[in-house]
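Let's start with one chain on its own, the form predicted on its own, as structure tokens.
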């Protein structure tokens, strides 16, 4: 951790970057920290508790501006950054990555290829929570699954924390904010909630990096992160996706190729 602080301070001191997006100690757990001077670098921390996906901030023009910046990025953040690169939301020359492996060795990554090579060493695995819930859902009938998600979504009160936490929900105007015409009902109700979450899941097909930020942000504990994760896993063999790595071929539901097998048509 000390090496990371020293490197962040040096980058800020010599003007290589104007901002380091990282973590600092919070009241109960680490929180995002926007470090702008070398003196502030002493507050930076980086350990297993730092799971918040900082990639959500790298597309905020009001925060990062046009100056070069650095991110202290755990693996989940790196996966999202790679997908943002693929979607032309980031420029290689503007961003520098500082990360550390489980042994504490510091790595400085400056290009898409370097980040890709580093991330490839870390397999994307399901956690115990994901395994338990998905095993339960996969054992249900279609009708039981619908009722399960209807019950879960009935708790949603449309706070859109899931959208705010997701690095890949970067549209300047979301479809839920469009009211001419009104595509999605803004009020919370079971079917209106399902409408919102299904719409969001469709936008994430093939783009989700399974960071879990949306589920973590949900104030009522709806496991919405499992919807996009399961869709990503199911589509992997059909569309050539490799879970955890960037999808260069685009969103599965907005892309078309001559060699599409269209096996979903019955």
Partner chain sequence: METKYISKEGLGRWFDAIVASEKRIYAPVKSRGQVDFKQVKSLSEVADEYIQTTQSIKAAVFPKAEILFSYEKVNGKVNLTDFDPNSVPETVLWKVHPCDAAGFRPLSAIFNWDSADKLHNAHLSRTTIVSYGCAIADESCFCTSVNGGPGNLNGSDLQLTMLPDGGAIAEIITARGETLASLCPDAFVADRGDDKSAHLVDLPARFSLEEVQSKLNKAFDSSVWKQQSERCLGCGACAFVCPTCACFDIQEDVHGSKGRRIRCWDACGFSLFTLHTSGHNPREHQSQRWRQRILHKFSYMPERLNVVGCTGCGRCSRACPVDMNILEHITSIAEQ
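Computed from a prediction, not measured in an experiment: that's the story for all the values here. Positions refer to the first chain, counted from 1.
Here the subject shifts to the form predicted together with its partner chain, a form of this protein not shown in this document.
- When its partner chain is considered in the model of the complex, residue 165 lines it closely, a heavy atom lying within 4.5 Å.
- At the 4.5 Å threshold, heavy atoms of residue 158 reach its partner chain in the model of the complex.
- Mapping the unseen interface onto this chain, residue 207 falls outside it, with no heavy atom inside 4.5 Å of its partner chain in the model of the complex.
- Heavy atoms of residue 127 never reach within 4.5 Å of its partner chain in the model of the complex, leaving it off the interface.
- Relative to its partner chain in the model of the complex, residues 26, 152 and 177 are all within 4.5 Å by at least one heavy atom.
- Note on the interface: of 79-87, 112-120, 186-194, 97-105, the segment with non-hydrogen atoms within 4.5 angstroms of its partner chain in the model of the complex is 186-194.
- This chain appears without its partner; in the model of the complex, the one residue of 50, 217, 41, 58 with a heavy atom within 4.5 Å of its partner chain is 217.
- Within 4.5 angstroms of its partner chain in the model of the complex, the stretch 28-44 places a non-hydrogen atom from each of 28, 29, 31, 32, 34, 36, taken in sequence order.
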